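Only one chain is shown below, in structure tokens, and it's the form predicted alone.
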């Protein structure tokens, strides 16, 4: 029987952070075994391969992974290029996974269903830390158990989306109408175009996934008559999704916010704020979506053909039911990490450096990393996960100086909870369409801002630059 130190380190998930963890393990002389439930690496990225990422290549490639790739003749893309999710998968993760030392450790179509300790249930303590982990894994040939000296859980949250229901549970009728709902970021202008062209689509959510889908639907509406867009958000403060504009350390993220704000102000979508979905009903004209406002008043969105639920995701905590883990009570993140990322208090793109100590659980040798370490908190960046796994792997080999020397260099969003960008900032007379804006909510002004952010002259050449009325129903 193998001793604990002779066993491999189990890595859950073959996405960017999971493969980075494997690269760091190899660099430190440890043997990884990687379990991936998908048919290929980066299975979550595959579901939104059409989406262009905010972060350029310089933030998307792990250092240990880069070193192993370049030693095998790989040419890194230009640092400032903005890849799509598909390009990240094809140009980086796929070549990384095919390196002989990683390909031999990778088990595709293997789903980890439970983790425990050999000979120990959750209650038993004495000698627990000396026992190997047991991973119950469902593969193509059925279930079997694997032993590991440690577990790095990079399984993420994307495949476990939050429901449409505003209170954390599915809305009434949500399960029955599930074939009309897509969770995440469908390719509305590409492979799934036929499902949305000429139809009325409701997008629920106020994050970057919602923004990207709304903009894609707007492009579709320009070319296909009868395509209409409805946007529903649970709150009424859209500053976070509009972002920090030119102040954003990731220009593509700032531009996304500018474009979304311009779309909102252009009256090309129907916006419902403070709309908390409570029920869905099928009617002759389509889906009737029932919502509730904070004051208890009911609201209805009728005639919906398709719904995109961009409502975030949550971790699968069932995996570790038989282990001693400690999660934040509301974020479901690693407990010590929660104060650094709590979206109730924090909305900046910077996170205080954190590593193995903040990611550790009472169960020695188990670490949740990547998006899963954030629990339900949004805005995780890959670069954060790469530094997490570097620190965790250093701690596994006892190099505590390296494990504790954690440095994060993350681009700021340009908008914090103490400054509500756009809607909350003091309005300046910057001029619109060759002259001052009649109203800060003018659609032409938003377009003007977007054009000037690109270094162009603005919208003064546009034929129609009339500000929308303040009480316009389509923009309210």
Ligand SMILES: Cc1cc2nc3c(=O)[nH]c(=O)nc-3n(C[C@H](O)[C@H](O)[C@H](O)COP(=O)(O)OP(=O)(O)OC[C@H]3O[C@@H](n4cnc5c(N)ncnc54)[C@H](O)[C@@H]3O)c2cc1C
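None of these values were measured; they are calculated from a predicted model. Positions refer to the first chain, counted from 1.
FYI, the form predicted together with this ligand isn't displayed, but the following is about it.
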Based on heavy atom distances of at most 4.5 Å to this ligand in the model of the complex, which listed stretch, 302-310, 282-290, 96-104, 154-162, is the contact stretch? 154-162
Check each of 182, 319, 232, 377 and return the one that places a heavy atom within 4.5 angstroms of this ligand in the model of the complex. 319
In the model of the complex, the residue from 371, 202, 393, 277 with a non-hydrogen atom within 4.5 Å of this ligand is 371
Does any heavy atom of residue 14 come within 4.5 Å of a heavy atom of this ligand in the model of the complex? yes
Though only this chain appears here, would residue 48 touch this ligand in the model of the complex if you measure heavy atom gaps against 4.5 Å? yes
Check whether residue 32 has any heavy atom within 4.5 Å of a heavy atom of this ligand in the model of the complex, and answer yes or no. no
Contact flag, residue 356 vs this ligand in the model of the complex, heavy atom cut 4.5 Å: no
Hey, which residues along 278-311 are within 4.5 angstroms of this ligand in the model of the complex, non-hydrogen atoms only? none
